[in-house]
Ligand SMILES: Cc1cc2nc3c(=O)[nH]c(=O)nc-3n(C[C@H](O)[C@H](O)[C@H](O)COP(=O)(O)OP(=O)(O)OC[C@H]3O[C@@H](n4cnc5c(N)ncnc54)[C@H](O)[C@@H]3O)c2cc1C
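As C-alpha cells, one chain now follows by itself in the form predicted alone.
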Amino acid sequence: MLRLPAYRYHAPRRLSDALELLARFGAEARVVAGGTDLIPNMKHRLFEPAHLIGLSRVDELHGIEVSDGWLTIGAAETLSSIASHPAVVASTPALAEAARHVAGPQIRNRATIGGNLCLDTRCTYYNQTEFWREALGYCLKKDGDTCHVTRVGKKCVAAHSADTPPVLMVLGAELDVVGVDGSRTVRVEDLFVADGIRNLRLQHGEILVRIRIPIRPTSRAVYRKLRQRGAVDFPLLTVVVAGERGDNGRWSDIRGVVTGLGSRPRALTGWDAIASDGRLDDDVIESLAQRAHAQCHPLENMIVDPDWRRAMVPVEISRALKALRTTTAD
C-alpha cells in the first residue's frame, strides 16, 4: 500500500488567508483543490510538502457566469460542473466536451479546471513509485541527473497531458492570477513553457483564481482526444481546432492546438496561408493535416510507440476539421 507522507492540512475560506499561508510556509507548502493529481504524486514521493493549503472552500474561486460578452469560471469549479453547466454548454461546447472526457466520473466530481490547467507534466519514467524509480535510476525531473527518454539530455521532456488547456487556448481565454504582490492577467498560451520539470509561468505564492473566455457568436471549435481506452486514460494526443464562420459559409482565423506530445500545448503554425481563401474543403483539410504532421515529433515519454502517435496527428486533425466544417450556430 502506498501511504501519504506526513503533512498538515489548512482549509482557509478566504483568498487572502490562503495567500497568507503560502507566504508563511514558503516552499514547504502547496495548494490543493481536488487533489486528483497531487495526492497520487505525494504517494509516489514526487512531492512531499509539509503543508497543504486547501482551496475548495474559498468562495472567490467558485462560480460560473456569463456577463458582458465573457464566460467566467472560478478555478475551483469541478470538471463535472463545467461539463454540464448550461452556460458552458451553450457558449463553449468544446470546453464542456473536453471536461467530459477527463478521466472518469469519480475523478471529474473532484478535479477542478484550475487543477487541470496546472496539471504536472507526465512521463513513463516519472509517474512511478519511489521503489520503481530508485531501481531504474532517478530521472532528471525528480532526484536524477539524466533524462531516460533522450538518454543524453539535461532537458526534461515530460509531456503536458491536460485536456482543457488546448481548448482554452483556441478560444482566446485569459487567466486571473493573484499573489501576495498583487494580481495579473495571463493569456492561456502564455502560461506554459517548454520545460518538463516546471512548465508553468506561475510563481510560488500565486493562485489561479478564474478563467475568462470571450464569447464570439461566429466562433466554432472541435475537440478530439486519442487514448487507449474510452475513459479514464490520459491523452496520447489531444487535438483542438477552431475558426470563425461567416454568413457566406467561408472560414477565417482557422487555428489548431495539439498536446500530449511535448511539455506544453503546441499552437500549430502556417495554417493561415493554407486556408487563406476561406474554403475548408477536403484538399484544404488534407494540407492542414499534413502541415500539422510536419510540426509534431512525439518522444518515448509515454507507453505507446511515438511513431504511431505521430502518424495519428494528421488523422485526428483531419477528423476534427471535418467536424468543424459541419458545425452550425447554436
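Don't overthink the numbering: it's just position in the shown sequence, from 1. Computed from a predicted model, the values in this text were never measured in an experiment.
The same protein also has a form predicted in complex with the named molecule, omitted here; what follows describes it.
**Student:** Can you work out whether I215 and the named molecule are in contact in the predicted complex, taking contact to mean some heavy atom pair no more than 4.5 Å apart?
**Tutor:** Residue-level check for I215: no, no contact with the named molecule.
**Student:** Report whether the minimum heavy atom distance between C118 and the named molecule in the predicted complex is within 4.5 Å.
**Tutor:** Yes, contact at 4.5 Å.
**Student:** Would H62 show up as a contact with the named molecule in the predicted complex if we use heavy atoms at 4.5 Å?
**Tutor:** Contact check for H62: no, nothing within 4.5 Å of the named molecule in the predicted complex.
**Student:** Contact with the named molecule in the predicted complex for V32, defined as at least one heavy atom pair within 4.5 Å: yes or no?
**Tutor:** Yes, V32 sits close enough to the named molecule in the predicted complex that at least one of its heavy atoms falls within 4.5 Å.
**Student:** Of 243-251, 185-193, 80-88, 204-212, which is the one stretch near the named molecule in the predicted complex, taking non-hydrogen atoms within 4.5 angstroms as near?
**Tutor:** Looking at the other structure, the answer is 204-212.
**Student:** The named molecule isn't shown here, but in the predicted complex which of A162, L237, A94, V170 has a heavy atom within 4.5 Å of it?
**Tutor:** Of the listed residues, the single hit is A162.
**Student:** Identify which of V257, L71, A111, L175 has a heavy atom within 4.5 Å of the named molecule in the predicted complex; exactly one of them does.
**Tutor:** In short, A111.
**Student:** Would you mind checking 213-235 for residues with a heavy atom within 4.5 Å of the named molecule in the predicted complex?
**Tutor:** K225, R227, V232, D233, F234, P235 sit within 4.5 Å of the partner.
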